[in-house]
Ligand code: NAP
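Before any questions on binding or motion, here is one chain by itself as structure tokens, the form predicted alone.
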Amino acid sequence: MTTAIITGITGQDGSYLAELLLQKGYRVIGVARRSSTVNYERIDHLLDDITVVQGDLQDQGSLLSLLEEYKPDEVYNLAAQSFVPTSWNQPALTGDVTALGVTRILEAIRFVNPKIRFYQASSSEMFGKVLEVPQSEDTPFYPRSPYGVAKVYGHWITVNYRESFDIFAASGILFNHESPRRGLEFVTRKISNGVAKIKQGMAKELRLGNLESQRDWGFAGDYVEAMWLMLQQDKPDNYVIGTGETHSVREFCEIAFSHVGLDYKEYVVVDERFYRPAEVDLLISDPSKSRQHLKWEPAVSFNELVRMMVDADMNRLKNK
């Protein structure tokens, strides 16, 4: 039985990846930081089938112990301080977890078993102030937030360990991927949840930042398959994962509100408090390499994703 360790298993991507690996017959070990308030909401339905252990990207010793005890064949590093606005408030913490945490895992692999296959969750936020449109694996990085800067470090240290120590270390440069399991602090979930609350009379408005901001949005459940495919290749590499389409926050609002028979213009209020200090430009992927080498294609369309998220929040609020 193949064993995989997933850091950040309690997050959106971790939960979908755990489901996928269980379907493929893996033994799944999930790593979660110790907290006085345990939040296993996204993986509650999986707890009988996976093993959740304590570990921390800021603690080298805990990572060494994990690898020695569970002897994984694959390690997926999905843990990070991943909320961009928070990275402005806590830049040093973001760097320690999202950047140096990658080094600590790679060092643990190098010492315990260099044959372990490693996946690093890189991000389209690394492109930031984009130098070309669309963005491919060869597009230069120009991050525009502490989170983006930290992800650039994590990406390049992954490449460095691959080339220096012959470790199978793959980096997935994932563009925005959403789902009903997305945290409420992210704009897509903020919109779907806001629509559901307004429709059910629980709110009267939805305050958002820049409605013209554009992103390449896909479904997280599709993207975790690409992560797994990267570690099944003969050689490790970097892969851009995205839909190749771009949509604005305004368009997301329009589809979400119209799905429940409402006009977004009557409820959405632009609030400059939610603007970023430095906005990124047009993020749109060129996923041709992943489609050619991984044979990966997204299955869920943008419209389907928006409606899926609204429906999930409508059902959640009805059942409260």
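Predicted, not measured: the structure shown is a model, and the values here were computed from it. The numbering used is simple: start at 1 and walk along the sequence shown.
Note that the form predicted in complex with this ligand isn't included here; everything after this is about it.
Determine whether any heavy atom of R42 comes within 4.5 Å of a heavy atom of this ligand in the predicted complex, and answer yes or no.
Heavy-atom contact with this ligand at 4.5 Å: present for R42.
Taking heavy atoms only, is R144 within 4.5 angstroms of this ligand in the predicted complex?
No, no contact at 4.5 Å.
Does V28 reach this ligand in the predicted complex, with heavy atoms at most 4.5 Å apart?
No, V28 stays farther than 4.5 Å from this ligand in the predicted complex.
Under a 4.5 Å heavy atom criterion, is H293 part of the interface with this ligand in the predicted complex?
Result no; H293 lies far from this ligand in the predicted complex.
In the predicted complex, does every one of L57, A121 and H177 come within 4.5 Å of this ligand, counting any heavy atom?
Every residue of the candidate spot has a heavy atom within 4.5 Å of this ligand in the predicted complex.
From the candidate stretches 131-139, 230-238, 68-76, 145-153, select the single one in contact with this ligand in the predicted complex, where contact means a heavy atom within 4.5 Å.
Every other range fails; the passing one is 145-153.
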